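First, one chain by itself in structure tokens, the form predicted alone.
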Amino acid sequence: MSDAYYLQLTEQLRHLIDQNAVHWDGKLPAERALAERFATTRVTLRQALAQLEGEGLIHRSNRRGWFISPARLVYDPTRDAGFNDYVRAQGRQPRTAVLKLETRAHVPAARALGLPDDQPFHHIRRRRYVDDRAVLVESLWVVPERAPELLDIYSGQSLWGLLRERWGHYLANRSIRMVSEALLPIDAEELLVAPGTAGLNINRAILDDQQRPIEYDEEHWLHDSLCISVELSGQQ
């Protein structure tokens, strides 16, 4: 396959998607039908589809085919707004599924918060949806002394709202780290995509207003689901 043909097919697919997005109700025709339409092989077609997937125009769901990606969620990781609030503020519908509740040690969380490696944490594993598409899985590691009975009462609500209202903790300082990643099998499976799918990893180490370590977050986003936007103000 020449580069010229590959680029031509990619642009033809892009145009076809633009023209038929409404009629297709978000789902592309089967690969066989698309290959026949463009008189090409499925191998070549998949390379063009992969290009559009990398651009965030479409995405693949395991065993369900190809879908047109919805508009990216605008996300500012430095703001205090909860997931449900900023999703709804953009006219979208959020949903949360709690996957695991447990207490155990986690060395990355301990080191990020300056605690001993064997420090236990309350661990909350969640999958989060925007308009019924799973876009994020996250692990929240909370210091048990700050919220002793957390796992007994947590049911998917805002964690920081709960920490503030029940235990009087106020978020004060955050250290945030963001890197691109290829999703590991456990994260990919929970997001219903193939291992190695492009993702964005966001980690936060959080202290309260008394500079006490409270929580460490590990977020794994689908790469095409969000746009990072951070607003800064101040004098030059």
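One rule holds for the numbers: they count along the sequence shown, beginning at 1. Predicted model, so just to flag it, every value in this text is computed and none were measured.
Not pictured, yet referred to below: the form predicted in complex with the DNA.
Open item on the list: I need to confirm a contact call. Of 37, 42, 177, 174, which residue comes within 4.5 Å of the DNA in the model of the complex, counting heavy atoms only?
Closed with: None of the others qualify; the residue that does is 42.
- [ ] Scan 70, 168, 185, 65 and let me know which has any heavy atom within 4.5 Å of the DNA in the model of the complex.
- [x] Looking at 70, 168, 185, 65 one by one, just 65 meets the 4.5 Å heavy-atom criterion.
- [ ] Examine residue 232 and determine whether its closest non-hydrogen atom to the DNA in the model of the complex is within 4.5 angstroms.
- [x] It does not: once the DNA is placed as it appears in the model of the complex, residue 232 has no heavy atom within 4.5 Å of it.
Task: residue 55 within 4.5 Å of the DNA in the model of the complex, heavy atoms - done: Because no heavy atom of residue 55 falls inside 4.5 Å of the DNA in the model of the complex, the answer is no.
Open item on the list: Can you work out whether residue 29 and the DNA are in contact in the model of the complex, taking contact to mean some heavy atom pair no more than 4.5 Å apart?
Closed with: Residue 29: contacts the DNA in the model of the complex.
Open item on the list: residue 46 versus the DNA, in the model of the complex: is there a non-hydrogen atom within 4.5 Å?
Closed with: Looking in the model of the complex, residue contacts with the DNA include residue 46, since a heavy atom lies within 4.5 Å.
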